[in-house]
Structure formats: C-alpha cells, structure tokens
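Just the one chain here, the form predicted on its own, laid out as structure tokens.
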C-alpha cells in the first residue's frame, strides 16, 4: 500500500502515542508479561496502529508499533501484529465511532469474566463512565474475528465502553486510544471495589433514572468546559 506524506506523518505521531499508552497499562497494573494491547484507528484511513505480538513492554517504542489495514493485513512494520488484531479490526469496521481499543487481563475485571457475570451498576463511577451494568460478551476463541463479533454485538446493546469477554478478559473502547485506556483503568478499579463490597454483603443498585442523570452529567458537563466568549455575555438570544 502506498502512503501519502500526510498519512506517513500521522502514523509517526500515532505510533509514538500508542507506544506511550502501553506504559499506562503496566503503570496501572493491568497486564502481565506480554499480554494485553492498545490500538488506535488512523483518522480518515482504513488503518490502525497496534502493538506487535509477544514483545515485552520494556521493549516497546514508536518504531516497534505496527500498522495494519482494517482486516489485519500488515501495512507498515517488521513484526507480526498482536494476536488480537482481528478482533480490533472487526471493531473498527463495525463501530465507526470507535477510535481506540484496549485489551487487558486485569485481575478483577478478568475474574468477573471468568464467572461470566456482569458488573452491576452499584457505584456512581460505573454510571458515570459506563452508563449502567458492565456487560459480559460470549466465549470466543482467539485468532479470528469471533472475539470482535462478540464485542460488537454486546456493545451495540449497551452504553458501556467495556465488555467482559467470558473466560477471557476485558476489552474497552473509546473515541480515541487514550479514552479506551482510561476506560480500562476505571474498569479494573470498579471491578475491584464491587468485588470487595460483595464480600461485605449485598450491594445496592442505583435507580435507572439516577444512572441516566449521572451518565449525562459526566459525559456532557463534567470537566473543563469551553469559556463563554464575550460576545455571548448578556445575550438574550
């Protein structure tokens, strides 16, 4: 595939960004050895940047990241792409709003996946980030599009940015790769907290109306908002 100068420049930036984001997985204790991966969609192109297969996190750099098309075919790089490439590619092809995908085997989220049990929305953080229960996806073997099919089918019927693939582990998505990493970090945090809460007794679900309100506030109001321009101050329009 012939890449234009602009696309090549974009890839250089994304490769460095995706390499840096992998450090967040280790810093937050979400992965062990070479397991797990982060990918990013290349804006305006049917391409993605993803971690190479079986490479130590200590050895990851912008240069080691690989580029594939959205069918998992290697376009740039001299290493084999992640064994989860087909799943990531399937997500990008079928969920055009997704710009980043993350897969980990983080301990508590994966424990819920091993039970095949959704994480109930019993914390405001779950309502904020995930919009309700964090769902379980079907069991699927690694290596083809089966995992991707399960991710897409599950997320299409949920507001969640995370899915617990049964007997496997969590996948998270976001508008970009950084947002998907954030979702992976928060997923493990709430998975641990709800697990601990259950050891103490029954948990208390949050009413759906409150879940909706919390989700709307966090997604649309929380954080720094653009400053109001002087021309609009005092306007009655």
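Being a predicted model, the structure only gives us computed values, none of them experimental. Positions refer to the first chain, counted from 1.
In what follows, reference is made to the form predicted in complex with a further copy of the same chain, a form of this protein that is not presented.
Novice: Only one of 118, 74, 152, 111 comes within 4.5 Å of a further copy of the same chain in the model of the complex by heavy atoms, so just point that one out.
Specialist: So the residue touching a further copy of the same chain in the model of the complex, by this definition, is 111.
Novice: From the list 67, 40, 60, 181, which entry has a heavy atom within 4.5 Å of a further copy of the same chain in the model of the complex?
Specialist: It is 181 that has a heavy atom within 4.5 Å of the partner.
Novice: Just checking whether residue 54 would be counted as a contact of a further copy of the same chain in the model of the complex - the rule being heavy atoms within 4.5 angstroms.
Specialist: Close contact exists here: in the model of the complex, residue 54 approaches a further copy of the same chain to within 4.5 Å, heavy atoms only.
Novice: Can you tell me whether residue 95 touches a further copy of the same chain? I mean in the model of the complex, with a 4.5 angstroms heavy atom cut-off.
Specialist: Heavy-atom contact with a further copy of the same chain at 4.5 Å: absent for residue 95.
Novice: Residue-level contact is defined here as any heavy atom of the residue lying within 4.5 Å of a further copy of the same chain in the model of the complex; does residue 189 satisfy this criterion?
Specialist: Yes, residue 189 sits close enough to a further copy of the same chain in the model of the complex that at least one of its heavy atoms falls within 4.5 Å.
Novice: Evaluate residue 214 for contact with a further copy of the same chain in the model of the complex, applying a 4.5 angstroms cut-off between non-hydrogen atoms, and reply yes or no.
Specialist: Residue 214: contacts a further copy of the same chain in the model of the complex.
Novice: Determine the residues of 32-49 with a heavy atom within 4.5 Å of a further copy of the same chain in the model of the complex and present them in sequence order; the list may be empty.
Specialist: Sequence-ordered list: 32, 33, 34, 35.
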